[in-house]
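Quick setup: one chain, the form predicted alone, written in structure tokens, and binding and motion questions come after.
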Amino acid sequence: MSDVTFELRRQPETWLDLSALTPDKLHGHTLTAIKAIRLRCGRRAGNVGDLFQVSGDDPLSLRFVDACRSFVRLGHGMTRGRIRVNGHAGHYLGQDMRGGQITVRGSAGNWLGAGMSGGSIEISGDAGDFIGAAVAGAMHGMTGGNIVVGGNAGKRAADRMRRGTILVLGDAGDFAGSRMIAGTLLILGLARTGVGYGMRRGTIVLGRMPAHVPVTFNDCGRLKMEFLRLLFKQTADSRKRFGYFREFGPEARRFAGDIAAGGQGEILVLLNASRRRSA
């Protein structure tokens, strides 16, 4: 069987809502039925077959070719299967995802993995603001699953994150880990100002000293954090290309805080971390 492949016939003039195209929603559908599905494109709606050239016969494995920034809500609420994207995956990728796997050979927009509770998302390029964060009106962000960003992340990554793991191989924008409730955020590059602002619990692991640590964090000095050995081993074992994580040592400079929000979170700045990034 081959992937059900969607290739854009032309670039949309406005946003294109792809939440209807997930493996679990398409399972059992024929190619003709898939082409007849209606998608919102701005104020209008159109058939999948009018917007995409569609081929393949395995709806549990989807591929999007020449994806663009107009995409929104791709992989929304998916529970199983696989989605692969070539290009820019747009905003709200994997929102409320509960299972399955999304891989992007390219970049993604804002709200990547917002509200997700399971599954995995991997982006080879950059991602926008609010990775794994809480959308407007929500009490918390992601509650499970794993997100890997091969490039840089925007502002407020992991805002109100409650559970799960986010790994950023590049730099992160301002206020990374802001208002974290729990979970783990790893940033190998530079975290800019306000890292950990307002966090209640959880762990932020940094490969470099951040541009600024809020004054409401206590410097606990240099410590050997043995749980880091397990974290790095699990990361290295998860994918062959992350094998260099085995070279990381457990020594870290620990900052406890945010004291203004209870002080039970922590920022760990690694003292023995490779600077290599995955391509």
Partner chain sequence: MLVRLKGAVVYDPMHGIDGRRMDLFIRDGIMVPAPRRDTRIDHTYDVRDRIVMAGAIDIHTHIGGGKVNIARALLPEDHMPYAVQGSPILRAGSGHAVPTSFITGYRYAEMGYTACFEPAMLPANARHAHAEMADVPIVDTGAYALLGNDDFLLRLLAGKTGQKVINDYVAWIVNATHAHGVKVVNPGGISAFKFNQRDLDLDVRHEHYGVSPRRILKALARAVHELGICHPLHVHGCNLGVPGNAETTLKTIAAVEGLPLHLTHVQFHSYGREGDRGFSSAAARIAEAVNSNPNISIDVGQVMFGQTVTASGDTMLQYRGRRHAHPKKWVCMDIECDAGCGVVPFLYRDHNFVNALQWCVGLELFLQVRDPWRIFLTTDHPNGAPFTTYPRLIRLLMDRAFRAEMLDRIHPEARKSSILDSLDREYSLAEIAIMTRAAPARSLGLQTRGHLGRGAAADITVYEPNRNAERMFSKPALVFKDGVLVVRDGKVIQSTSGQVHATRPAYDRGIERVLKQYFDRYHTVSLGNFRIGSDELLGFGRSAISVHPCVPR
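Nothing here was measured: the structure is a model prediction, and the numbers come from that model. Positions refer to the first chain, counted from 1.
What comes next is about the form predicted in complex with the partner chain, which does not appear here.
Listed residues 45, 33, 230, 215 were compared with the partner chain in the predicted bound form; 45 is the one with a heavy atom within 4.5 Å. You can rule out all but one of 204-212, 119-127, 167-175, 136-144: in the predicted bound form, only 136-144 has residues with a heavy atom within 4.5 Å of the partner chain. Proximity of residue 254 to the partner chain in the predicted bound form: non-hydrogen atoms within 4.5 Å are absent; the residue sits far from the partner. Not displayed here, the partner chain is kept clear of residue 152 by more than 4.5 Å at the level of heavy atoms in the predicted bound form. Of the heavy atoms in residue 95, some are within 4.5 Å of the partner chain in the predicted bound form. Of the heavy atoms in residue 246, none are within 4.5 Å of the partner chain in the predicted bound form.
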